[in-house]
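Here we start with a single chain on its own, the form predicted on its own, put down as structure tokens.
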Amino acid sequence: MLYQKYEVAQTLAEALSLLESHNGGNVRLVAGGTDLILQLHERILSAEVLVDISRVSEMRGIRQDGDELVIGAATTYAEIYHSSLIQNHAPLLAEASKKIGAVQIQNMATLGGNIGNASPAADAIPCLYALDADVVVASPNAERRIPVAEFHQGYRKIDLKPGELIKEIRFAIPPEGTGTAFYKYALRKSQAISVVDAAVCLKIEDGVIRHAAVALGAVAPTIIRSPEAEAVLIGEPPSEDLFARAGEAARKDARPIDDIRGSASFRRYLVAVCVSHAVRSACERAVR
């Protein structure tokens, strides 16, 4: 059997209580299960107890809280894609959500599950890096708010202590004049893992880029930011030459490997292409 016991939590407090009651045992949380069940089946992971959090309302949905957007960890990618708040304030997340698997996967897979899985090829996570998002983790007695880049500590390693769970994701609503974009290259048009992807968030003021965040996926042990590309962009007016230079600069920060989807040299080439496309789209949206 893949597991011995299946518990269903109705509230956040109940989910935390179930985690605590099985403390010391091999317990895992499940919402959509699109990664977890496959990993259990292939014996990559093991579990004695599964705690289902898909019905926990405190961990579902998208809302505005002051000057921040809040996404519950058990929110599906279909919900993210269809959210007017996301489409209006962070369209790069909508773009990434639409490219994750097929419709059936989008209806089940959750943002919190994707964060917890900590794959360097996760499509939505570069968007959170570009948005300077924080991961809020809860325990029975407290909550911690951790920048997503610090939460991911290495290849499939996260800053989550026993008894804690990922509750929600928060990020500041981008100010007026901001443009965001996500660009993915994969070996086919749908249901494919990224070979390289890029997420960009930038702000244009008086015709010049004043802020730039460029994040890359599938080119290092974790999602990474590209300080080289960001430095090229800041202080410059948008132009085709600038887009190309930013793409070339981003290649310096990439640390890809050879695998079944592509060689390291192919990925370095694609970094420039993906970043150039994403920066161009972000600039066009910022101007609009």
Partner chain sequence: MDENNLVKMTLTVNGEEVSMMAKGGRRLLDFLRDDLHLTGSKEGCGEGECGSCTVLLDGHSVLSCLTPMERAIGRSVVTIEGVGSPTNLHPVQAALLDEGGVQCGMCTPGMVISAIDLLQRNPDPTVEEIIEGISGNLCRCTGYKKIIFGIQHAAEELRSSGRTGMVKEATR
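Residue numbers count along the first chain shown, from 1. Here the structure is a predicted model, which is why all the values come from computation and not from measurement.
The following text describes the form predicted in complex with the partner chain, which does not appear among the structures shown.
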* Do residue 161 and the partner chain share at least one heavy atom pair within 4.5 Å in the predicted bound form? -> no
* residue 55: heavy atom within 4.5 Å of the partner chain in the predicted bound form? -> yes
* **in the predicted bound form, residue 2 touching the partner chain (heavy atom, 4.5 Å)** => yes
* May I ask you to check whether residue 37 falls inside a 4.5 Å heavy atom distance of the partner chain in the predicted bound form? => yes
* Taking the partner chain in the predicted bound form as the reference, which of 233, 31, 250, 219 has a non-hydrogen atom within 4.5 Å? -> 31
* To do: Would you mind picking the one in 173, 136, 121, 105 that has a heavy atom within 4.5 Å of the partner chain in the predicted bound form?
  => 105
* To do: Name the stretch, out of 202 to 210, 141 to 149, 121 to 129, 186 to 194, where some heavy atom lies within 4.5 Å of the partner chain in the predicted bound form.
  => 186 to 194
